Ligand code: RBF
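Let's start with one chain on its own, the form predicted alone, as C-alpha cells.
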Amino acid sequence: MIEHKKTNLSDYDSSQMPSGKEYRIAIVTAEWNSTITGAMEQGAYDTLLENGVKEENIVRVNVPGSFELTTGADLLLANDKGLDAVICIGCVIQGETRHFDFICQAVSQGLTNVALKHQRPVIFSVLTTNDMEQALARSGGKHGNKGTEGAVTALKMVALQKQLEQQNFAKA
C-alpha cells in the first residue's frame, strides 16, 4: 500500500480527544512574527474551546519573542499552581546568521527544563522555518496550524498525567 503524505498536519480525530472541561491551560505567545504567532494562538484557543476547556480556564499572556517563552512558562507555573499545562507559541524564521540555531536550541531545551521542574506539560508549539512562506503554511495555511497541534498535545498530555496520578493514588 502506498501511503500518501499528509498535507494538513493538524488534522486530528476528535473522537479520540479527552474532554478539557476540568482543565486550566495557559497559552504563552511570542509577539515577534505576530502575524504568524497570532494565527497559531487563535488555533490553539479555538481547539481548546472545541474540546471543552472553559473560556475562563484559558490564560493568555504575551512575551516579546520566542526566547522569552521559557521564562513566561516558568513564571506562569510558579505563580499559578492551578494550571494543568502551558502551550508555548512562537516562530523563528531562518536568517543569514546562526542566531536561528541558538534561539531554537535554547527554547527547546528551556521548555523541556520548565516542564521537568514543574512536573506539568509544557508544549513546544514553535515554528522553526526556512522562510515566511513555510511559516504561513503552518500557521493556518495549507499545512495546518501548529497552534492547533499544541492544544491537542496539551489536552492529551494533561489527560495522561491525570490518569497516571489516579493510578498511583489507587495503588497507595
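The numbering used is simple: start at 1 and walk along the sequence shown. This is a predicted model, so every value here is computed, not measured.
What follows is about the form predicted in complex with the ligand, which we do not show.
Peer 1: Within 4.5 Å, heavy atoms only, which of 58, 103, 115, 137 is in contact with the ligand in the model of the complex?
Peer 2: Selected residue: 103.
Peer 1: Under a 4.5 angstroms heavy atom criterion, identify the one residue in 110, 65, 144, 38 near the ligand in the model of the complex.
Peer 2: The residue in contact is 65.
Peer 1: Going by a heavy atom distance of 4.5 Å, is residue 33 a contact of the ligand in the model of the complex?
Peer 2: Although the ligand is absent here, residue 33 would touch it in the model of the complex, with heavy atoms inside 4.5 Å.
Peer 1: How about residue 73 - does it come within 4.5 Å of the ligand in the model of the complex, if we only consider non-hydrogen atoms?
Peer 2: Residue-level check for residue 73: no, no contact with the ligand.
Peer 1: Answer for residue 85 alone: is it within 4.5 Å of the ligand in the model of the complex, judged on heavy atom distances?
Peer 2: Heavy-atom contact with the ligand at 4.5 Å: absent for residue 85.
Peer 1: Taking the ligand as it sits in the model of the complex, is residue 93 in contact with it (heavy atom to heavy atom, 4.5 Å or less)?
Peer 2: Yes - in the model of the complex, heavy atoms of residue 93 and the ligand come within 4.5 Å of each other.
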